[in-house]
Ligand code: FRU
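Presented as structure tokens, the chain that follows is alone, the form predicted alone.
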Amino acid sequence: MKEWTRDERYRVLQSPDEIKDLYDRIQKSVYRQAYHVQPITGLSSDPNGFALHEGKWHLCYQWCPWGAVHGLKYWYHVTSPDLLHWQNEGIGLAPDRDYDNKGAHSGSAISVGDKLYFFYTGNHRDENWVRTPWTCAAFLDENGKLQKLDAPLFGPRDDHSEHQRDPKIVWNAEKQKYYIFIGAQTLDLRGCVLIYESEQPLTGWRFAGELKVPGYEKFGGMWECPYIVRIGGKDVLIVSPQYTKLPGRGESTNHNVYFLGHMDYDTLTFTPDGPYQYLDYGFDFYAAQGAANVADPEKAILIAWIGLPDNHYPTEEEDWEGSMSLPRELRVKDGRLVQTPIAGVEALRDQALPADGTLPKAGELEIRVPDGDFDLALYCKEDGTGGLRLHYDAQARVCTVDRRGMDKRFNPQVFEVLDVPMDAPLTSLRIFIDRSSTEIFFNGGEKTFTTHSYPTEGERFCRVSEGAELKLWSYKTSVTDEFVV
């Protein structure tokens, strides 16, 4: 695997011609996705700037154009009319100012009237590589391009570490204020969230205080990508705690969790109703971002990076890596989040396939699970061996997902086997497979499990326990892979 120098990783893209050959080579990969957003070259990571504006969905992702490496980050911009069909729009934000000279890092967006505003972290480093994170803004112009403000909105606080990033903007109608939530770290290396407030989206920002979450004052060493939303009368707080190991998550030190509870903007306190819950139980799910301007008060729409910081994946050998998850609808039911695939995803079904256990390269499975223990082998060989295995222990109400049987194994030092504790007996599975990803929805979205998967030509079969009912569809390609820079 290539060893990248700092100069290589932080090289500025001067012309699309510099990556055209790389793009052409990557197009030949058998693992390019059919209906998931993915990088045109290099690496994609956190979803950014996710919002509905004047009938069109806007989404950006963190992008390093040179290869599957974390280096100089751009925002790459894609749009969709329906959250299913995505079109490449080219670079959204480039690190071309002094205040973001080493990267346009993660952030959010919000639609206000006929304006769409974007908020991001400008990653500045000096000649000694000392970081200064600036909170910056941009807007969508009449030509559909993102234009930066001349100066940042505000700088970092000295009473916290250099880790202050990922601004999430929200509007609170009761207070008639905008709030920006920023993932941060205290000087004694505890994860936290900083809150700023203003009556206007682009001016007047002032520090309000640090978010208080009783019982979680010492939870991880950095809270990345904070997101807060009200669903069905409940406040939901989602964060990605880093630098800590959590129960049932192997050796990983990067996680995505949520709290249900109540947000008090007077005291800047989020009071959880109970303990944190895992947003997704899979191997590869991180930095989840909720869309702004979803009008339905009973749901939110979420997308995440299929991948984890510090992990490595087989397509790195092809100089690209990463994908966005299928967008999900979030609702609150019985004190838990329920996640379902985006409405209308059935429109991607190309044709119903025989339930003979032969998998398409991109498609959907629906499985009715019989009573008792249950087994599924996904991407197994024709004789039923190997593959991604799922075993349900009915007595323990636990699903165990094991990917050690795949020909292409990766990140074994972090985890290859994970459990999904079920709140009710397992009755159904809905599984979305693409050329390098798998997303499993248990019991109508009671729990979810997301993982990268890289089946070889011989791993194109599935087997289910006797008594299970399997329905299978192939999917159309819905993501344009055009070379737009």
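Quick note: we count residues from 1 along the sequence shown, nothing fancier. Please read all numbers here as calculations on a predicted model, not as lab measurements.
Another form exists, predicted together with the named molecule; not displayed. Remarks below refer to it.
This chain is drawn without the named molecule; in the model of the complex, the residue among Ser45, Thr448, Thr451, Gln33 with a heavy atom within 4.5 Å of it is Ser45. Site annotation in the model of the complex: the residue of His255, His105, Arg403, His124 reaching within 4.5 Å of the named molecule with a heavy atom is His105. Across the options 163-171, 374-382, 403-411, 357-365, residues that bring heavy atoms within 4.5 Å of the named molecule in the model of the complex belong to 163-171.
Taking the partner from elsewhere, Asp100 is found to have every heavy atom lying beyond 4.5 Å of the named molecule in the model of the complex.
Although the partner is absent from this view, Cys225 contacts the named molecule in the model of the complex, with a non-hydrogen atom inside 4.5 angstroms. Taking non-hydrogen atoms only, Gln62 approaches the named molecule to within 4.5 angstroms in the model of the complex. Shown alone here, Tyr76 lies farther than 4.5 Å from the named molecule in the model of the complex, counting heavy atoms only.
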